[in-house]
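Have a look below at one chain only, the form predicted alone, in structure tokens format.
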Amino acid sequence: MPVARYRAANLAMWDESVDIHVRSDFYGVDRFKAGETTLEPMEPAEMDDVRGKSLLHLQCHFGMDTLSWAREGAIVTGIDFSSAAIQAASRLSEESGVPGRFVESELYDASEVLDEKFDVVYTGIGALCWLPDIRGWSRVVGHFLKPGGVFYILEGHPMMWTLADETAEDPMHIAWPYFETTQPQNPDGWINEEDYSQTGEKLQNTRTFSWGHGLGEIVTALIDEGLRIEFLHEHRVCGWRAFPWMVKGEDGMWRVPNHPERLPLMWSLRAVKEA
């Protein structure tokens, strides 16, 4: 199956999911409208002050994280390949009173629809696994950053994405590729009859495709685009229940209950584009 067909399958799922996500308690749109942020606790601290800065959010879905950065003071633009997501993001901006601009585009073609540079480029959780080419992604990051601009990402750890989720936590079982491959991690696709937002609603477009990207591959791709890495952090906590055996802490974050030192769950990185 060529990449265009993988993309079409993923896009159909995301277009269908938007309305489910907007209604779901998992995303909590009403809580967001009441003033709640959707950023993880470490993100504003690690990003540093964004007040008055232009920020581009790649793969923004329907804009909750994008608009959360606007509440931190950034002037935000979100980009996503789903027209349904972009429409929902624009509505959310209007209904919440939080200003934001949203643009529909395939990630790799974003420079064809946006002709500007940004102080900050941001990628959030659950984005990279949908991309077949991490070097193409890093070129997009480098293209949109101003000299001296900051790139920040918080993501699920690529080691976590390799684990079989139907087996017990101890011992953990590696089932899927860690490094980027030409074919998706599961060439037959993942079949998800229910949406991950836990509403119980059935999906019509159930087959999706994702790719692994090793941490070294990601970091090297960014360095090759002229970015200087300021830090790379690996986290023992997760912002969502990625596996059924995870336990939730008092801080609202999910953890490995036994031997947490064995598995990083998220990673974050901040880098600066050299002048």
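From a predicted model like this one, the values you see are computed outputs, not experimental measurements. In this text, residue numbers run from 1 along the sequence as written.
Although it is not shown, the form predicted in complex with a small molecule is what the next lines describe.
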Heavy atom within 4.5 Å of the small molecule in the predicted complex - residue from Y152, W137, F118, W130:
W130
Going by heavy atom distances of 4.5 angstroms or less, which of V141, L203, A88, I125 would be at the interface with the small molecule in the predicted complex?
I125
Within 4.5 Å of the small molecule in the predicted complex by heavy atoms, the stretch out of 79-87, 180-188, 163-171, 94-102 is 79-87
According to a 4.5 angstroms non-hydrogen atom cut-off, is L227 in contact with the small molecule in the predicted complex?
no
Quick one: does S68 come within 4.5 Å of the small molecule in the predicted complex, counting heavy atoms only?
no
Does the small molecule get within 4.5 angstroms of any non-hydrogen atom of W267 in the predicted complex?
no
Interface membership of Y27, the small molecule in the predicted complex, 4.5 Å heavy atom rule:
yes
